[in-house]
Ligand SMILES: C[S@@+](CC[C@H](N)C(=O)[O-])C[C@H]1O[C@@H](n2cnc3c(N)ncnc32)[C@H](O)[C@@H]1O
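Have a look below at one chain only, the form predicted alone, in structure tokens format.
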Amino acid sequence: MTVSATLTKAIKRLSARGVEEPELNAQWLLASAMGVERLRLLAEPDLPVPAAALKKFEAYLKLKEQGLPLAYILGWQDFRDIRIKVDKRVLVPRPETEELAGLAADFLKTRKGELSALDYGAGSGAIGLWLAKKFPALKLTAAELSAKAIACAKENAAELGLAARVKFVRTGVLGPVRGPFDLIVSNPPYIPTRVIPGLSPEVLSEPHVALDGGGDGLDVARMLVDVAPRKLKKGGALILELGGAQAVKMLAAMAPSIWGEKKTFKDLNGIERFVYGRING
């Protein structure tokens, strides 16, 4: 079978199962099965698909039909300009989290001298490791509750040549983490507990601990806002990714006497997604 015929059949199959973006999923999965770049499939639609690749592609399609995220099947996810390993141990980084990393970088550019940052709830390590790549002198601490996630983040740090520059701390609270830091950045769990059962199969296949933010989704965010001022250098900042109206709600809870500057930022879809706070000093 040709690439074109194989993709046409797969797209119809995924569409029938209600898979979002069936064309893109089919293309990435076939490219992975064939060991070629995705764009080559588009450029050479008459390219024959070897039997071994068809067998592998079929296995990938079954996993996708079962609701497994594309990144888990591929085994990786591109994050800005780095590629990181992802699997069932960690949350798949979203485009919004790439925006969060960009905001973090923008703040670090304003700081002088030795830089230090904490990636709290690090998961795969995507945010912190990208920052460490961008700022060669940055001292990075990655804090994470899940031992499995820490193992994945360590693998990514090693693959990116950053293992010697990252300190990993296993914790579910900020208190035990030693600072002070120029920046604390976090994509904490922020989905309200009651909402989780109604999420898509793809999201439900990801680690529960990385999703559940408690009653209103802000349990971890509140802890960070409460403790972060004691972990930040003078003029240091906390930047969070949250959901929907949560950012505005969290901003209102940040005392002006502590947070000399505070604001929200919209994501590319126009949603108030990010909370920024800089302490006095």
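On a predicted model such as this, the values are computed, not experimentally measured, just so you know. One-based numbering along the sequence shown.
Separately, the form predicted in complex with the ligand exists; it is not shown, and the next lines address it.
**Q** Can you work out whether the ligand is within 4.5 angstroms of a heavy atom in all three of 138, 141 and 182 in the predicted complex?
**A** Result no, not one residue of the spot touches the ligand.
**Q** Among 172, 102, 201, 95, which has any heavy atom within 4.5 Å of the ligand in the predicted complex?
**A** It is 172.
**Q** To verify the annotation, which of these, 254, 61, 220, 31, has a non-hydrogen atom within 4.5 Å of the ligand in the predicted complex?
**A** Filtering the options by heavy-atom distance leaves 220.
**Q** Using a 4.5 Å heavy atom cut-off, which of 122-130, 153-161, 192-200, 109-117 contacts the ligand in the predicted complex?
**A** Contact criterion met by 122-130 only.
**Q** Tell me, yes or no, whether residue 74 is in contact with the ligand in the predicted complex, where a contact means a heavy atom of each within 4.5 Å.
**A** Output for residue 74 is no: heavy atoms all beyond 4.5 Å of the ligand.
**Q** Answer yes if any heavy atom of residue 82 is within 4.5 Å of a heavy atom of the ligand in the predicted complex; otherwise answer no.
**A** Result no; residue 82 lies far from the ligand in the predicted complex.
**Q** Could you confirm whether residue 91 comes within 4.5 Å of the ligand in the predicted complex, counting heavy atoms only?
**A** Because a heavy atom of residue 91 falls inside 4.5 Å of the ligand in the predicted complex, the answer is yes.
**Q** Using 4.5 Å between non-hydrogen atoms, is residue 166 touching the ligand in the predicted complex?
**A** Residue 166 lies outside the contact set for the ligand.
**Q** Which of the residues spanning 36-68 lie within 4.5 Å of the ligand in the predicted complex, based on heavy atoms?
**A** Sequence-ordered list is empty.
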